[in-house]
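Taking the form predicted alone, here's one chain by itself in structure tokens.
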């Protein structure tokens, strides 16, 4: 019988089975093809799945299985050889992929099992973490109680309230039956019952500190369980039918507390402790837990800290009250001192102004006299008057200088000057006075002393005049030697002045000046007194009633301003004295020194010596000062008009006036207000006359005020002919002049 690729006719029941297989294969194929789509969706959405390549193989396996079932649908009817080949190929591939997938699963399953092991390990760890969290919650609860207790304890800084609050809060938090505090007595040999929880007025029981149970508690900072029958724990009524609860005791350090007495508590407690006893309720099965003992230990430390804070607060409050009293007294003294200083400064300013007016007249008239034809002797006398008057004017300003020196407002006027000429000028000023007393004065300048220096020429000359003047004053006969040289670096340091630290430099040098006299001498113990105001040694006071006045006091401050120091040496009475001072001076630039060496003296410094027809208005309430100023200006060829008040000045001033000299200290409308009104009257600068203040006040505040109100210059009294000529020349050339 020939074989054929056909299906034999089947019974109707067999045909029904074939239909069911056909339908099943179709749905199996459909399911196989849908599963890879679901796997692809899973892989795309999953970012942590570690076996994506296994899913790819598994998807291929499912697709092939589905293809096999799908191809099998064509085998239920007559089919060709091609269908059979495709069917065979699909089954072979399915078998191959199935085997590979099975081998891969052999490698993957141990990993999956290890993951399961790790999961079990993590579960165990999570359980341990839960237990630890339970402990943490317990500790947090303990901490919360500690914070609450600490807050209650520290809510007051009264020591008695702190101790009572501690017992009450511990009793409430730990549900105690009794809590007591034993304090050391003054001798420290006994503990006295001072506070209890249930008794408002505890009986002052005492127990010796040498008991073994007390030594046991004091030897550790931990809470210690003690016997309910120990002497410090017998605080409850005796009741045989009740079982006593557990008792713990803890020491409370008593820090270094002073004036802290509670029932004979010592004033100073060092290495001593109080004892805190805590009792659980009787006839209960409750035991002390570890966290409760820790809470008791922490509270004991907090009580010690709170007690120390309370003691510190009491001490600080006492110190604060004392400090407040001192501050009130100091503030009152400060206000009184400020009032006195203001009154003194106002008085000195007025006196300086009032004394400056006659000095202005003397110097102005003398300078006018100097301009006339005089014999050599007359000219010498007039020059002496001028020099002495200028010196006197400088000394008058010393009073204000001392005031500014004391409050720190005085500043040096730094400039380049002829150092050799300064010493010679001092010598010429002192010689007439010395010749009267038949004293011989010599001047010695070292060869290495620079001819020019940078510094405050006026203050240096003032210091020299004071020192040399004192030597002349306290010498009846003999000689006085004045020497000056550059101080060497090794000789600058002086043990008498430990805070003097000279710093050598190429831009400056230290000038050392020595004035030696053969006068009455000074007791060594009196030397420090010479640099105080209006003071002198007792030995000198009996011989000379003039005193040292302000001279040496001002000299010391001037020398300090010039970064130097001054001292006096004497071997005793009748052996003369030597005054020595060292000051710091700058070295001028070579160009400046060369320029200064050719600067002519006198009126030749000014480009204009005659001011014929210059219209000047002078405002001064003092008739003498007004006349003197007018005389100076008339001598220089000016057309001068004078007024005695601010109102009169504002009435007569016109555009024809080119310069207005005004005294700023005027009754009624002062010079400042006049200057402001002149600015309001003449809005254009070229129409307004130049406004110059004439004042004897040398302070900076006056000059700043003059600048604020729009003045063009400030000239300090007294004024000579040469000075007025220089002022007018400078003013007309630069239209501004503020004299230092």
Partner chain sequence: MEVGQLQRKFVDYTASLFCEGFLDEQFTQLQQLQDESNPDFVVEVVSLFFEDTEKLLNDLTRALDQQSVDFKKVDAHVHQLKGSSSSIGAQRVRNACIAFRNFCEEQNTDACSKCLLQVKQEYSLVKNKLDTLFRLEQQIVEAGGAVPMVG
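Predicted model only: the values in this text are computed from it and were never measured. Residue numbers count along the first chain shown, from 1.
Note that the form predicted together with the partner chain isn't included here; everything after this is about it.
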(message) The chain here is shown without the partner chain. Which stretch in 431 to 439, 417 to 425, 521 to 529, 614 to 622 comes within 4.5 angstroms of it in the model of the complex, by heavy atom distance?
(response) 614 to 622
(request) Check whether residue 552 has any heavy atom within 4.5 Å of a heavy atom of the partner chain in the model of the complex, and answer yes or no. (result) no
(request) Examine residue 278 and determine whether its closest non-hydrogen atom to the partner chain in the model of the complex is within 4.5 angstroms. (result) no
(request) Would you check, heavy atoms only and a 4.5 Å threshold, whether residue 727 touches the partner chain in the model of the complex? (result) no
(message) I'd like to know whether residue 631 contacts the partner chain in the model of the complex, with contact meaning heavy atoms within 4.5 angstroms.
(response) yes
(request) Could you work out which of 635, 512, 272, 508 is the residue within 4.5 angstroms of the partner chain in the model of the complex, going by heavy atoms? (result) 635
(message) Exactly one residue in 71, 365, 461, 665 has a non-hydrogen atom within 4.5 Å of the partner chain in the model of the complex; which is it?
(response) 665
